[in-house]
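Given as structure tokens, the chain that follows is alone and in the form predicted on its own.
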């Protein structure tokens, strides 16, 4: 996000090639095809728009590649990818003042359409990523790191054209190198580049009607309102080991094929198929029959796949993920909103500012049975969060306090809320989760049970919508309450406190949360070079998060479920999904 001088390397080596196992005598099915079944649809294939794991699973490192890549299971060590070396002070790739990073671009790499990749394509891709800057999108990752700004528009939504000139000067192409000069040193910059420097063809993009790279056309390209509004929504032309064949939104299936002209050894799989199958029974049957090689399985469903012949369950994998139940303090009811009911505090709905009352939020926090959530929804594989920074990451405060399940205190808070009117009147609102996610459904049901047990006039409607719908509606501030997770863009505390707590953050902006002291502390922590002072600042941030209680947090470990014939898979906490290129299938 902005300057940071403490890079935390969370490493867990789980090289599952060592866990060969037996396929229980079953012959390998479709040895040249890798099939994934999951329950969330991708939102887009555009690398400058995508900011969800379902989209990233398809495009990141499979269709599009980055300049550098994570070294095995490490989140803090890197290897070259589209660059020929990882910049360092020793090789001259990082300047003495720590502000300029120079990447030597690999020669001989071709895009899927056969055209050569150049340093100009790298600059175009970085600029396009920064200046698409759609609301709630990933552009801030590079904007803050390079220009020390969170967005490209002012408070009225007008594009700041001066930023384009700054970025154009900051990113320089010299021969076959690309140099990026930051406004100030930013320690996690390489970890951002390992995940967010996806390179696309400028020529191909422009031919297809995308941004031409000039300032004159920038405003038309900036801040698309819907995923479908971008040229690369359902098209792709990268350098990766797999090429896009089809994304069929009706059948909810994406097909990739092997890139025979790949700059490294071609992948073992000729085809990759990623299918959205929301019904657990169908996913389980596909896994059991060998029609799926990898299946996304919710925690409550794990007992039903454990022990299946030819199926491997790998659990307790480290995760840089914080899950949250979010409360919206400024619900958008324009055009009608079914999740606020009547839109009034009359027992059949809630007003738009319902959660702006701190007593309402504290009542929710103390009506939630955290132990039941951990036991039933996560099967013991999670813990209560005391803020957005997950365990194991620098800045996490193990002594930080949080709320406990306390019906009496919850009732007292609700009695105080809305000037005492709420308890007598009651309320009704919707709590949304993405279809097929049994864990999030369970979390919603636990909250519903705790709240409704307090007062027969309290009603919480837990319902599901598709993942793209959930993303769109929460960004539009339409949802009163929703359940979703945040996976690290890069391993630093700022990447959690900013989206959850900064007024311009991905989640907090959608919630209408704006605390000037919180914003100041988050900014202060970004630039602090003293670890002790930085840790103290994050402790204060956590304390305010407790006092303001906009979100209920939990931390978890990860589980992967796959056929035993899958080889070459390994775990990295920074991966949004398994990296398919090194994988193969054999008995």
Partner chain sequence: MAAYIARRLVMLPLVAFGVTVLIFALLSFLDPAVRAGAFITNPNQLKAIDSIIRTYGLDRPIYEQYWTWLREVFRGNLGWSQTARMPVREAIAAFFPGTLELTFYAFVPIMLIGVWLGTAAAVHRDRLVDHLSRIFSISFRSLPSFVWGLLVLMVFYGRLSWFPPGRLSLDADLFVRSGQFHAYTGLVTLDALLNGQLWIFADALRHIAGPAITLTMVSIALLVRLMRSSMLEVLNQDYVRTARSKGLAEPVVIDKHARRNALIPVITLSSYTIVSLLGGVVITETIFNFPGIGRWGAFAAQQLDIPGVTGFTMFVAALTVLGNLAADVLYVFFDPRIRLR
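Positions refer to the first chain, counted from 1. Every value quoted in this text rests on a predicted model; they were computed, and no experiment measured them.
Another form exists, predicted together with the partner chain; not displayed. Remarks below refer to it.
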Would residue 212 show up as a contact with the partner chain in the model of the complex if we use heavy atoms at 4.5 Å?
no
Quick one: is residue 426 in contact with the partner chain in the model of the complex, heavy atoms, 4.5 Å cut-off?
no
Even though the partner isn't displayed, in the model of the complex is residue 276 close enough to the partner chain, meaning a heavy atom within 4.5 Å?
yes
4.5 angstroms heavy atom contact with the partner chain in the model of the complex for residue 286
yes
Within 4.5 Å of the partner chain in the model of the complex by heavy atoms, the stretch out of 327-335, 388-396, 480-488, 354-362 is 480-488
Decide if the three candidate residues 51, 471 and 505 all line the partner chain in the model of the complex, where lining means a heavy atom within 4.5 Å.
yes
Contact residue in the model of the complex, from 524, 547, 529, 30 (heavy atom within 4.5 Å of the partner chain)
30
Heavy atom within 4.5 Å of the partner chain in the model of the complex, from candidates 129, 513, 500, 467, belongs to 467
In the model of the complex: members of 238-260 within 4.5 Å of the partner chain, any heavy atom
246, 247, 248, 249, 250, 251, 252, 253, 255
